[in-house]
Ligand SMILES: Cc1cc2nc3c(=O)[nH]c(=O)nc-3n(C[C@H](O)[C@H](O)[C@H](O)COP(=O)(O)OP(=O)(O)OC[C@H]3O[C@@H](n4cnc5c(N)ncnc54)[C@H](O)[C@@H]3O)c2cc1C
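One chain is shown next in structure tokens, namely the form predicted on its own.
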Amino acid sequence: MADYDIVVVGAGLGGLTTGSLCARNGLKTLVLEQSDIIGGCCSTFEHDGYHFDVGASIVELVRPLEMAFERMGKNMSDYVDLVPCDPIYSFITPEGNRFTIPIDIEETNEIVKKMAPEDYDNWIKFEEFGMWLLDYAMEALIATDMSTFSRALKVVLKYPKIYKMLPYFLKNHEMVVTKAFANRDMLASVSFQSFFAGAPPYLGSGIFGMIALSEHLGIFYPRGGMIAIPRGIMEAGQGFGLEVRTGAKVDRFVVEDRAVKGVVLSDGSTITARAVASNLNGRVTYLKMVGPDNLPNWAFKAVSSYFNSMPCPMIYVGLDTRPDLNAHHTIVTGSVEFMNEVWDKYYTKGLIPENAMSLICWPTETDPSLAPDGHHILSWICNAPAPYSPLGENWDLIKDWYGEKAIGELERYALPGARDHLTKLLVSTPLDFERRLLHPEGGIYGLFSDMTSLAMFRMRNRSLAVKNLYLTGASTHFGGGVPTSVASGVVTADKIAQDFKLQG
């Protein structure tokens, strides 16, 4: 008899959601996490009284998170206190101009009319279609199994007007926004979101063009830091008997006759299970944990064809004064052409760009308790993209230089004199993310997400190559991110419930 019904490897959002729902369905479930904290990229760590978010900085499209708690018969608000953030962004252009985008769509319309009158009519059309799309179909797309063409067809039959989305899947992000807008600043404000999926505008899927509109449905920050989201999911699951072990690194899966039977920990002990759900990077799951010898040739080739997502160095800053910012998120951005150029001329060639898109997150604007009295944190200054290769371990040698460079960019564009108020400066390089979170090459979104690696083209939640193996998290549909990772956990738990002949 197996030790557990389900062993989940990795306590990220996908893993905890899968584990909690499996426990809710009456399965004896264990989540193993190699780190000493849960959440993966959606987590928070403390340093000398400052509480910095590891990576994720807000949550939007909260419906998947609500669904996960509803499946457990719980109210999300009893476990996670989401504080609304308004405005959505404050933008700083390379020329130093500033404009702010509020949550209220009518207020945004007026801002667009003043900022880019030539684009106003197209913005209204873009807005009307996008908001309809989000209301009609986005929930179905994110939280529904899309692993095969037949399943995708079922979604279309259930939501027949969804065919209107087809052009957004066939076009890239850049094509979608440049068709609608001409104003440079307007284009920048709806283009940088392609990097949220880990790709430049000319490679990112056109469907991610809707992110600029989805944010008007509300963006939120969890009180207590981003770790409050995985912690809330875990606590709900623990009410059904979910077990979570931190500091428990899995070295490999036990595989017999191409069927997973359990896991082997780094201390040499074995835990048996009827099934294993992996929240690890999909390539790591198959090529390291399962191993090439346990894969059919077609599966080895298919898995090897995927690329890891881009890394994203993080700069964590403590200040002894209130920064001169006016939003939870401030974006320093450039033109669409510049975003593409940074990718082609720097990232793909293994070079660090002189400057690039920067996202400055100010969590203490929303939750002052994250820093000592009178102090503030900028928990995410993202100069993206910066490559892992060919630097590799040399990232250790340039970490201090990179931090100083980031502070220089911060002073240049957003906060002159910030260095005079600096109390903390911590840097997480791609190498650090690889070591601490076991993300290969520091990739923060699992696998690279372009137009050819979504839905049925992404790794499946139920493995076709290995029995009793399930995948969850960023390597599955719809890719990396808070709502999408939670949604993947819902889909994977449903698959397990079906296979175990349980009611979800």
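Note that residue numbering begins at 1 and tracks the sequence as displayed. As the structure is a computational prediction, the values presented were derived from the model and not from experiment.
The discussion below concerns the form predicted together with this ligand, not included here.
Interface residue remark: residue 52 is not counted as part of the site for this ligand in the predicted complex, having no heavy atom within 4.5 Å. Taking the partner from the other structure, this ligand in the predicted complex has no heavy atom within 4.5 Å of any heavy atom of residue 477.
A residue is said to contact a partner when one of its heavy atoms sits within 4.5 Å of a partner heavy atom; residue 249 meets this definition for this ligand in the predicted complex.
Shown alone here, residue 433 lies within 4.5 Å of this ligand in the predicted complex, counting heavy atoms only.
The candidate spot formed by 32, 314 and 445 lies fully in contact with this ligand in the predicted complex, as each residue has a heavy atom within 4.5 Å of it.
Annotated contact segment (heavy atom within 4.5 Å of this ligand in the predicted complex): 273-281, selected among 156-164, 273-281, 413-421, 89-97. Shown without its partner, the chain has 9, 10, 11, 12, 13, 14, 15, 32 in segment 1-32 as residues with a non-hydrogen atom within 4.5 angstroms of this ligand in the predicted complex.
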